[in-house]
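Below you will find one chain, with nothing else, as structure tokens; this is the form predicted on its own, and questions on how it binds or moves follow later.
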Amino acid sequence: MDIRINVNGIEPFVEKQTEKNLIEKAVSANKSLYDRTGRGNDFLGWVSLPLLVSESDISEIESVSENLRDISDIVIVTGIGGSYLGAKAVVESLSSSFDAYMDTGNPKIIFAGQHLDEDYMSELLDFIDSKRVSCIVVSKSGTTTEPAVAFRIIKQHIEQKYGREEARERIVAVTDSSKGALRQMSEQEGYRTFVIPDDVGGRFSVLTPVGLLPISVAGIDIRILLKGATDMEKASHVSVPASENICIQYAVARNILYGSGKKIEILASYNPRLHSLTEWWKQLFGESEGKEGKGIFPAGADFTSDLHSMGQYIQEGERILFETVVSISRPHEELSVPDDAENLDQLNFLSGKRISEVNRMAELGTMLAHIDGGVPNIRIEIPELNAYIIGQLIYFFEKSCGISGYMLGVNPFDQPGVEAYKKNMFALLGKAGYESEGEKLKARLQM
């Protein structure tokens, strides 16, 4: 495989017998994913998903995305959680850092519905007022508050600008196959629709139309992305021994560290284009493992930037954390540090060195410093950023998460705690059926 895992940085913190026991547990967990014998087994459609996406599915996504590219300057994706994080992660990791300021020939992908900020939505409406705009609305039910509010506003804008007939060509829904408010609206309005599989949860849905459609609109080859995911599925199959299965190795490493008191995992990278991938990873692991009083807390860091903010705590704070670093071997471009005759900044010792070499030495130096400071280090090594590698990386994290969750003894595929804030919000806003609870909450808040 193109992706490699290096766990040498956890060896000073590992007991060999513990490692052996956990390898056996991880092998059993991986088998449960394929046998569908574990908790939450009705949400395991993602396990073999890369193999099951048909040519007709891909062609339909490509056809719709081509139409959206032809008629749009801006395509707004409305969704929250898994309905947008995976697409955002892939698009940003495979686009120029300055894509927003460039004419790439593809529409710009903008996200809405991931929060309820009034200023953001107002500014978005001002920004798109003079642009050709379309919308991909992603929601299983169509009633999740944040994306539903955003979509209502964007739908009104599109209908007022183009009329209801043309709006049908500019709005595409990704939703349930047969039920829910968005499905009903789509059939009533005549929107083009794609289906969120019943057996795939939101945080595992990036390789379904939830992620593939906006990724394709951005001009990224989803066939190559899926090929990477397919190859990683084969490399992490239940038939692959633990000594060669990097998903098992990652799950084992993080659970060894968790058992030794390391409660926080920092996913770090030295490439700013991976920031949104980290945000997707945080939801994947946080929502899958954080329940029943258990779970590693997933945090993220962008190095070297965050070494100048969080670096002090990582080096010398409480010894409750470990790092997983996504390390990229090759940049796409080539740029060296120039020589300066006066050398006032005293950087001539770097003259002629590529920026990537300086970044690499910062990465390796940081790894050694953190290990010496009591921070175990796992390295996920990838050769470069491209669609094939990102497809591998997405499936690698998904499979590792499923294995790790089963090792922890939780259901990795539900999220009961997510509903708590929603019930309180509905009650405080006066939604029908929540009146009594609303009065109690307002009394507590002294409203």
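All values reported here derive from a predicted model rather than from experimental measurement. Residue positions are given as counts along the sequence shown, with the first one as 1.
Just so it is clear, the following notes concern the form predicted together with a small molecule, a form of the same protein that is not shown.
*Asks:* Check residue 80 for me: does it contact the small molecule in the model of the complex (non-hydrogen atoms, 4.5 angstroms)?
*Replies:* Contact check for residue 80: yes, within 4.5 Å of the small molecule in the model of the complex.
*Asks:* Contact between residue 93 and the small molecule in the model of the complex at 4.5 Å, heavy atoms?
*Replies:* Answer no; every heavy atom of residue 93 is more than 4.5 Å from the small molecule in the model of the complex.
*Asks:* Even though the partner isn't displayed, in the model of the complex is residue 139 close enough to the small molecule, meaning a heavy atom within 4.5 Å?
*Replies:* Taking the distances in the model of the complex, the answer for residue 139 is yes, it comes within 4.5 Å of the small molecule.
*Asks:* Counting only non-hydrogen atoms and a 4.5 angstroms cut-off, does residue 289 reach the small molecule in the model of the complex?
*Replies:* No.
*Asks:* Which one of these stretches, 322 to 330, 102 to 110, 339 to 347, 197 to 205, sits within 4.5 Å of the small molecule in the model of the complex when only heavy atoms are counted?
*Replies:* Selected stretch: 197 to 205.
*Asks:* Checking a candidate spot here: are 144, 283 and 415 all in contact with the small molecule in the model of the complex (at least one heavy atom each within 4.5 Å)?
*Replies:* All three within 4.5 Å in the model of the complex.
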